[in-house]
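Just the one chain here, the form predicted alone, laid out as C-alpha cells.
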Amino acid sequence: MGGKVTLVGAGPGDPGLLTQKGRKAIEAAEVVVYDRLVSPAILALIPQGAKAIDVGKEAAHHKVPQEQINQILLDEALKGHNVVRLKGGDPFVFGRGGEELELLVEHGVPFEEIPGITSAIAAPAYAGIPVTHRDYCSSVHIITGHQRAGKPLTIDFEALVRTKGTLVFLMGVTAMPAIVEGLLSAGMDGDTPAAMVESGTTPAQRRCDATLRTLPQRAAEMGIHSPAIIIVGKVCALSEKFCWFDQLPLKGQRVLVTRPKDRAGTLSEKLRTLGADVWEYPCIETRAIRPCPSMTVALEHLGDYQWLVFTSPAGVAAFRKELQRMGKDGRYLASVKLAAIGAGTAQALRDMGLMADYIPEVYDAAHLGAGLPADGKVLILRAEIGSPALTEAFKERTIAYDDIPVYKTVYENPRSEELRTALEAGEVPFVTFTSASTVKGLVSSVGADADFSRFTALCIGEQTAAEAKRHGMAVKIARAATIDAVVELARETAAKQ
C-alpha cells in the first residue's frame, strides 16, 4: 500500500490551539517531520513507535535545507509510510507548504493539508490586539519580513500605507528597522500605534508597545528577539485594554508536572489554562502485572468478598482488562460493593459504567481503611508496593482481606542533569506531586544528593507531603486530594510570592 503525506499546521505555540484534525493526524502517523517552533506538548503526541525527524529551522540557519526536507517527505512516503509534516503556524502562510507539495505532485504521492492557526492572528489576539475592528480599520494584511541574505526588502510600502489597514509582518525581527523606515518613507504617520509580540501564545510571551517611529528603539531596549511578529495600525492602541493573557494568574510561572505520561494531560492542561509554563517530566510509569493469576483466581471467586477496593486509576485499569479477558462485564459485580480512594479512582470506575459505593472524606489509605463500612471479606487490587496504612487499619478492625498487587510502579527515567541543574538554579519554582511515588521518581531522576530546597512542592495529600519533606522540600498541601485542588494550590501559592 502506498504512502501519504499530511501537512499539519501545529499553530503558533500554545498546544491548545492545535486543531482536532491535526491531532488525529499526528496520532496516526508512522513518520513525523517537524520544525523548531512546534510545542513539546504537541511533539509528545507522536506515537511511541513512530520515526520523528527534526528538521528545525531558525532565522539565518536551516538545520536541514529545504530541498532535503522535500526529499525526506518523498522518500518516506515512497516507502509506504503515513507521513506527517508538522509545521509551526499554518503551512500555507509563509510556511513553504506549497514548495513541499510540488515534489510530491511530480511523483504522484497522495497528500493532504490540515490548516493551523497562524501566529499572524493568534499572537496579536493573545496580546490584546484585535487585528480588525470596525472603528479602526477595514482590512488586515499579512506580509513576510524575511529577506534573503544581502538582498533588500521587496515590499510595496506605498501600497500598504494606502490601505489604512492593520499590517502584520511575520519573520521580521532582523528586518524591522528597514520595515519601519519603508513605512515612514511611504508617508505613514510616525505616531501610528505599533507593537511587537515575542513568543506569542506561549508562557514566555512579551509585548512591546510603541509607535511606528519609536518601535526600533523600544524593541532594542526590551531585547525582543525571534520568534516575534510586528503589528502596525490603530488597533495596537487597544492592547492595554484587551490584554487578557498577561493577566492569567500563573503567566510565565514554570511548573514541573511529574505524573505518569498517560495521566499528566488533565493537570497540565489546567495549569496551561492559567498561563503556566508546564514542563512535563513523568517520573514514574505504572505497568500492569500480566499475567496476574492471583487476580484471576480472586475474580473467579468474587462471591467470597463483600468489598472490592481500588486505590488508584491504574488498579482500575488493570482490573478492567482482566475482566474483559475473562469475558465479563459490570453485571458480574452485582454481588460486591466498590470502594475508591478518591475522585480520580472513582472517575475511572465511572468510565466503566460503575459507581463507587464508598469514597473516604480524606483521600488516603489510612482513612479508607478506617472508614470502610465492611463486615465481610475485602479484596484489594492495587500497586505491588502499596501503603501499609490500609491493611493495618483492616487488621485493627479484624477485617479479613486479600491484598493483590495488579501493577508495578517503575522508576525508569534516566538521570537528568538538565532537570537537576534547573531545580537547583531555582528555574522551576513549583513541582507538582500527585503521589509519594512521584516524589520518589523525581529523586531517582536527579539524585538523592540534589538540593531540593529551591522549589515549592505542591502535594496532593499528607502521605505525598511526608515523602517530599523527607528530602528537604518546602511543602504545600492541597485542600483535597484532587487535581483541581492541586491547580488551585498552585494559583494561591504563586499569588503569595
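Start at 1 with the first residue shown and count on from there. These figures come from a predicted structure and were not determined experimentally.
Not on display, but discussed next: the form predicted in complex with a small molecule.
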* Considering only heavy atoms, tell me if Tyr358 and the small molecule come within 4.5 Å of each other in the predicted complex. => no
* Are any of the heavy atoms in Val197 no more than 4.5 Å from a heavy atom of the small molecule in the predicted complex? -> yes
* Asked: Is Ala123 close to the small molecule in the predicted complex, meaning a heavy atom pair under 4.5 Å apart or at it?
  -> yes
* To do: With heavy atoms only and a cut-off of 4.5 Å, decide whether Pro227 touches the small molecule in the predicted complex.
  => yes
* Quick one: which of 114-122, 363-371, 298-306, 127-135 gets within 4.5 Å of the small molecule in the predicted complex, going by heavy atoms? -> 114-122
* Structure fact -> Interface check vs the small molecule in the predicted complex: of Ile46, Leu37, Ala450, Ala465, the one with a heavy atom inside 4.5 Å is Leu37
* To do: Could you spot which one of Ala343, Leu379, Met171, Leu74 gets a heavy atom to within 4.5 Å of the small molecule in the predicted complex?
  => Met171
